[in-house]
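Structure 1 and structure 2 below are the same protein chain in two forms, each given by itself as structure tokens.
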Structure 1
Amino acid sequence: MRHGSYRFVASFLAIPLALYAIFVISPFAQAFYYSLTDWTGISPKFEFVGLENFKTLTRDAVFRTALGNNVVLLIGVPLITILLALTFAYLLNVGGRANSAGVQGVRGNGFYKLAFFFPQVLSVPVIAVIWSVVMNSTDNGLANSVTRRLGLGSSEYLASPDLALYCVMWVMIWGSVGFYLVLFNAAMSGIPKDIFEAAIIDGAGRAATFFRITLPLLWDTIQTAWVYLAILALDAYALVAVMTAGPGGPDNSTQVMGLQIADNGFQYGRAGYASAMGVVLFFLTLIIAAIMLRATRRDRIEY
């Protein structure tokens, strides 16, 4: 450390740290504090009410519905997305020719990655608008025009309380698969080729190579993917707010926690209560991350 470098370090950190502290750290800290108050968000006065907000939360039927819907997304989205992405990544990597150099990737590998990844770069409202029109509940909606021609009849999609949540789930999965495909693909290409060559010489087929070599070596990445997808499923605000009329869908069928936080905080004048929901969301995220990391813990394989 040379003379004067402390001053340099401080000058480089000052503005970014200040911004981060004011706009990121302090709102998070405040949320915990406000969750214990009856603050309306409008008047500057508020009382400290202890855990009252959390008690009210347990009796709030709409919030319970929202929580339940988030849990459905929490289970469905990561599971299906990872399964699809793994399948596609595997097909990309070993779906090609087999010869002395081992099994090869399919042709057009680059094109598939380019196409699959595409929804990831668009904003959620754009995707939500397109899908909400595709899933138009009239007979002439795009999805219905296909199912009718296939003789499957039409569905009401987002207008049906039974289907709406699954439609939102589908759009989420559809938008995420490409990202995780690219992620898994990058991880797969990181596995040294000689491991596969050795396995092939030993007589392992494609399936055996996948389950015995690829999958175990990918475990770390899958674990990370799971946590990220779980966080995504706990949010879901943007899709629901744009896609389903109401918003919150017919009979609150697509109600999610993000929407409840926004409604309570900005429309019903219950900022303290909304903050309590935020705190629940925070701990849920933390718990899920911890559980996922523990449940899937394996010995790390270095190569």
Structure 2
Amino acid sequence: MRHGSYRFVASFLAIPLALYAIFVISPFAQAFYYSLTDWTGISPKFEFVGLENFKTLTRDAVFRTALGNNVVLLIGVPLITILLALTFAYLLNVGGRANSAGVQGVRGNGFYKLAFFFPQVLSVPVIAVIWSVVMNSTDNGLANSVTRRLGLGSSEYLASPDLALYCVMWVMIWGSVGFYLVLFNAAMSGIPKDIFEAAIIDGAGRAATFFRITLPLLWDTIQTAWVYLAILALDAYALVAVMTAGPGGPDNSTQVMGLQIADNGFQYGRAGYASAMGVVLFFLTLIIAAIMLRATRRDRIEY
């Protein structure tokens, strides 16, 4: 590249890089700095305490509970969401009967795509309010009304320490399946139908075409979806804050790291301690994303 070209490229990159440094890098750097102090979040005066906040974190039982709940969400949300979205996308694309027009999706697939995508137009607080009403622990709750009519009795749902976290997990999955269904559907639409038709003519069943054609050809999309869903599972703040009592649920059964950061930073006046939690969450997210990208890396299949 000639010398004059460097100036031309630098003139375009200077402003975006400056904005990125101010609004993205600078907040991270400040969080790292405040995590080493006893700042309250209000007073301009604070003391440097070194790694004391991180030592306190190792003895904080509520934070360990929140970390464990995030791990449960981290395992359940990506796994179930991707499984459901992939299955539905496969049925909508090639789940119908093969005829003279070739392999087709199930009848009415356009309506199903719209119906599954509908939760995406709702904000997270609205979804949380809707499901908190549905999962009301009284006999007047919608879920309890249905189960009682079916003779299955009633449940406490969000009021139960054993069920509350799984109720939150279900709502996260319900709200995410539609988006990833559309994502997988778009990726699946790019696969030539000839490949599926040739496999079916050769005697391959639906299960064989799913595992031996669809999954390998969509692997890059699945990998990306897995990382995004893992990041979503490490957050979960908005759902827990709106849906569960406390918030944090009975016996801290729905405590998550995002909620602990907000409580310590804005309610208890421990902004330095909350920053230490944020630093832990930052590195945890970074490590999990790197592990997932590394563990699921495969050679790309061209078609």
Partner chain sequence: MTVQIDVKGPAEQADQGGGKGSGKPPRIQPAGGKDRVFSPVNVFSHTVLIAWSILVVVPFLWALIASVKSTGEIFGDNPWALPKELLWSNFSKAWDKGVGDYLFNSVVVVTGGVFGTMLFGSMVAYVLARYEFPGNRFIYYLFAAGMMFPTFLAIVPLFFVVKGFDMVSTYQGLILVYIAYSLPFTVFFMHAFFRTLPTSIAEAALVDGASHATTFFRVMLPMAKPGLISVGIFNVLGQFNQFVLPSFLSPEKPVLSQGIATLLGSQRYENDWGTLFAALTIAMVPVIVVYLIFYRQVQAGLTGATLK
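Computed from a predicted model, the values in this text were never measured in an experiment. What we label the rigid core is the largest C-alpha set whose atoms superpose within 1.5 Å from one form to the other. Residue positions are counted from 1 along structure 1's sequence.
One chain, two forms displayed separately, with the form predicted on its own being the second of them, structure 2. With the core held fixed between structure 1 and structure 2, A21 has its Cα displaced by at least 2 Å. Put the two forms on the same core and the Cα of P192 is off by 2 Å or more between structure 1 and structure 2. Superposition of the core reveals a Cα shift of less than 2 Å for L286 between structure 1 and structure 2.
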